[in-house]
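As a starting point, one isolated chain is supplied in structure tokens, in the form predicted on its own.
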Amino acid sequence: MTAPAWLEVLNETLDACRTHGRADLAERLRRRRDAPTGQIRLGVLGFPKQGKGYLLNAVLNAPVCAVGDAATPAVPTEIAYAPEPAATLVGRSRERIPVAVERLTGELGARPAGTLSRVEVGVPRELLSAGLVLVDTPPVGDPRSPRTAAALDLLAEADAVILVSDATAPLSAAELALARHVRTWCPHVVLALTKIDACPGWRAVAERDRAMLGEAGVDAPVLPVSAVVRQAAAKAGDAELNARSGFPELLGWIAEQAARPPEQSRALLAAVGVRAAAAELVESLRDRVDAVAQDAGLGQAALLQRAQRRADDLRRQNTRWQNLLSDEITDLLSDAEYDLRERTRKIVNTIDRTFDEGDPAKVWDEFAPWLDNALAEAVDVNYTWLADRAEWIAQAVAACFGAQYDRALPDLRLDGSGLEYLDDVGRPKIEKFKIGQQAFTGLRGSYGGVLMFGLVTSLAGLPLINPISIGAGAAFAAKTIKDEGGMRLQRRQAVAKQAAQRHVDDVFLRFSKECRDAIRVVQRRLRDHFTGLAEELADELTHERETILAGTAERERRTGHIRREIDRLAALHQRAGELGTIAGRQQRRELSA
């Protein structure tokens, strides 16, 4: 046996709903497909206090539904034909609990919330004998409330819907939105305008409601009714009063729904459900296409521009940090040498003053430790200053990278403190003026004095050696010793200065070489560290650009897939429209990608 066309279209749409994650639409279509045959379900929907319960009781001429201040059931109440009045509470686990009709309201109030799925009521009414089931729903309200969800769940299986609104005011925006939603999912809708007996201006309200429904594209007649007049007519058996209640027109509309051919009705309901589900899916897919297009448009351009800016910044950073490092290292070399030279120059000045005034033979033992300590202090201060300056250079170069530098600085500790390169000053060869040398020098000077003054006094008849010549010899001896001592002191001072200055020069040359080597080590460490960082940033930038380009291809693929899905859903929508046309309904606007 060949499956009907509407079933094929419905199944394809149901699969599409599952594919796109719309389990709610899939469940609604499944229930529409699996709805039991031989039964016409007519739902009654409305906001609170609109007279929905009075309407149903008046339709049935029986107090089936809660009215007035009685608690309204939070689950649908299905009212079907039964030879005798009966009521059954159906739990969430499909357990069935029979209750007396007259105790139904009390039983519902005693049940904990969420334990029931529906209430079934049977009444002996001819209207229901052909398989018509009236479904009283909880009042519609907050879209997030379980009551509203339970009420709208009716649309999955309803063949027709009665919307209830009282005549005290025209349709509100929420009521109009509800009517539009119901008409989207159900082809047969009527607006029952209740409480016309209490609203003298109900005719104007009815006209206003018709106009609003027409402007909203909701094909639904408006039937003014009065449950109070209906009940009064029933008690009085007054047919004319019953006609004035408006219920004969409403009952005629209900009978028309019950008399529809089942197969034609199922095809039409399937077509309406498919078109509604396809329209919702297409709308959500269009939103996704728009989002992808926006992401691929402004977002894509922004990402590429940002990547380009980062590339430009990276090039400027590379130039800046390389120039800065080179300049700072050159300055550091010059400054370190100047600092060491300045410190050693002061030491040399002190050496000169020391040996200009002092005898190295007497002060050398005290001078040598001072010179070693002074050189050690100069070297230590210079080395410490060098290390601090290297740290400062590292921080200055790191600042060139800004927020992109998120790691620790390299280890720039110098090997040793520089003191290990110092040697103690060597004691120069200091010639002392010993006693024997002084005696020999004095004897040599006295000989000349005695000889010179002895010859002079011999002219006066005195012998060569006389008191005068002896005194002159002694004077010449003393002078000779003094002059020789002075010359020897000057030679010792010169030797000591030369030795000390040569030691200072040696220290300067050796340590300045060590400083230059240390600075070069710092330069290489910083260069390697920041070169590695620049290469990592360049690699990240390249990867980011590749990701952006790959994302573009992925977005294009996703967009193409979504557009093909929209085309497929539009085709289903059109096929469903053709089914609606076959079933005698006017075809509406079709979807397109």
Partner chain sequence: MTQDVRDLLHAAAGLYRDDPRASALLHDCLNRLEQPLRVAFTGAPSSGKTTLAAALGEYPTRALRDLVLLDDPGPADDVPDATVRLVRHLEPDELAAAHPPAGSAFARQSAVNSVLVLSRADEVGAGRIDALLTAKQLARRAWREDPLCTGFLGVIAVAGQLAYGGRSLRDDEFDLLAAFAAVPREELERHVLSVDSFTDPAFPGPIPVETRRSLVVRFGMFGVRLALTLIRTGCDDRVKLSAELVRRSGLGELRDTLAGCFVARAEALRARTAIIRLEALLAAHPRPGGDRLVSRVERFAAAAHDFRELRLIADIRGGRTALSGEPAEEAVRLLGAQGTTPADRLALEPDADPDEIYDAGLDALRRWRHEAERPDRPHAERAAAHVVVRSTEGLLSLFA
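What you are looking at is a predicted structure, and each value in this text was computed from that prediction instead of being measured. Numbering follows the first chain given and starts at 1.
There is another form of the same protein, the form predicted in complex with its partner chain; it is not shown, and what comes next is about it.
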If we take heavy atoms and a 4.5 Å cut-off, which stretch out of 113-121, 492-500, 222-230, 471-479 is in contact with its partner chain in the predicted complex? 222-230
Are any of the heavy atoms in residue 49 no more than 4.5 Å from a heavy atom of its partner chain in the predicted complex? yes
Even though the partner isn't displayed, in the predicted complex is residue 88 close enough to its partner chain, meaning a heavy atom within 4.5 Å? no
Tell me, yes or no, whether residue 200 is in contact with its partner chain in the predicted complex, where a contact means a heavy atom of each within 4.5 Å. yes
For residue 129, is any heavy atom within 4.5 Å of its partner chain in the predicted complex, or not? no
Using a 4.5 Å cut on heavy atoms, which of 457, 384, 168, 318 is close to its partner chain in the predicted complex? 168
Could you check which residue among 238, 337, 352, 506 gets a heavy atom within 4.5 Å of its partner chain in the predicted complex? 238
Taking only heavy atoms into account, state which residues of 119-156 are within 4.5 Å of its partner chain in the predicted complex, ordered by sequence. 141, 142, 147
